[in-house]
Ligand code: C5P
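Just one chain follows, in the form predicted on its own, and it is written as structure tokens.
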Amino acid sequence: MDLVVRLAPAKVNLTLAVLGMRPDGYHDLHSIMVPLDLADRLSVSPLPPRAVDTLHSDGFDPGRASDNLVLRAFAAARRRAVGPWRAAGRGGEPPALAARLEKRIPVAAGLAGGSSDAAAALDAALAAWGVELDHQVRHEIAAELGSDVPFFLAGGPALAEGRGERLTPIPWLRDDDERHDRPGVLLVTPAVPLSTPAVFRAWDAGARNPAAGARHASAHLADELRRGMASDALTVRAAILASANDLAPAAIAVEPALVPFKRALMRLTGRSIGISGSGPTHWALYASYPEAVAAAEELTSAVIDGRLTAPGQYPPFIAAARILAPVPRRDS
């Protein structure tokens, strides 16, 4: 049982339609989600007998270790792994794990960094223990940990429905191969973390778009991707996608300073600007990664020279990323 390393990618919601409240208190969603090459790095190694799971992190502060999804994922994985562990002739239960998390994804930003960390922790724990669980069991564990966690088991872009746990992997851009650069994404996260429950409460209270365009845009994008969509077609639709987030008005209701901030981003980039998930991360699509890098560098300069001011006590997080292509799913 050696050191296991996993990358935990961020995600962006290209569309996010909220269809209504469910009897269980969650909300039914229809969302096209894509993983990015901006990622946390999780390293996991087994500990001696009678030890307890530990977590050390650096980079963005993930909050109290006791609340971290990495440790919760270890515990949930251990409960399901103990049967196969003992069936293999090993007594007791899978050993405690020491984890180091290099936190590169902003926290409470609408990028699902914590959920991605949980999915990476689940996979890393099983690998460290040498235990195999089938995809359905992994999915059940992920759904127990959080609504966004199952997405990171999909291995690429997916349509998320239900509260986010019902996933349909979708074909990606038909010209997304080594001869074509993958679409680039500019990410700008002001230092005003937003609570997802607080944003949904604002939506419940009536902070909504008067037009129901997000559902149509989300369904249309899913259909286009299934039929085979070219990279340039995605960027052409950037303006439609940027407005296809039903939680955007709710995020603004929680943090009104996002309104002038978004306007400033639109002015400086000349691009349509969307919000990922419940915010506050803003995104813009570019035809290539180098274009997104250039935009990130320009915005960084704008922060330094005062042309871009952002809400929050600290400067905004600004980065360029690529949308990741699908990877084959492991069924065992």
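All residue numbers refer to positions in the sequence shown, first residue = 1. It should be emphasised that the depicted structure is a prediction, and the values quoted were computed from it without experimental measurement.
The next section is about a form of this same protein that is not shown, the form predicted together with cytidine-5'-monophosphate (C5P).
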### Message
Against cytidine-5'-monophosphate (C5P) in the model of the complex, would Trp85 count as a contact residue? Criterion: heavy atoms within 4.5 Å.
### Response
no
### Message
Taking cytidine-5'-monophosphate (C5P) as it sits in the model of the complex, is Pro197 in contact with it (heavy atom to heavy atom, 4.5 Å or less)?
### Response
yes
### Query
Might Pro95 be said to contact cytidine-5'-monophosphate (C5P) in the model of the complex, defining contact as any heavy atom within 4.5 Å?
no
### Message
Can you tell me whether Ser147 touches cytidine-5'-monophosphate (C5P)? I mean in the model of the complex, with a 4.5 angstroms heavy atom cut-off.
### Response
yes
### Query
Which one of these stretches, 229 to 237, 216 to 224, 189 to 197, 132 to 140, sits within 4.5 Å of cytidine-5'-monophosphate (C5P) in the model of the complex when only heavy atoms are counted?
189 to 197
### Query
Does cytidine-5'-monophosphate (C5P) come within 4.5 Å of a heavy atom in each of Arg6, Ala8 and Gly155 in the model of the complex?
no
### Query
Using a 4.5 Å cut on heavy atoms, which of Arg163, Arg80, Lys262, Arg104 is close to cytidine-5'-monophosphate (C5P) in the model of the complex?
Arg163
### Contact assignment for cytidine-5'-monophosphate (C5P) in the model of the complex, among Leu285, Leu29, Met33, Val70, heavy atom within 4.5 Å
Leu29
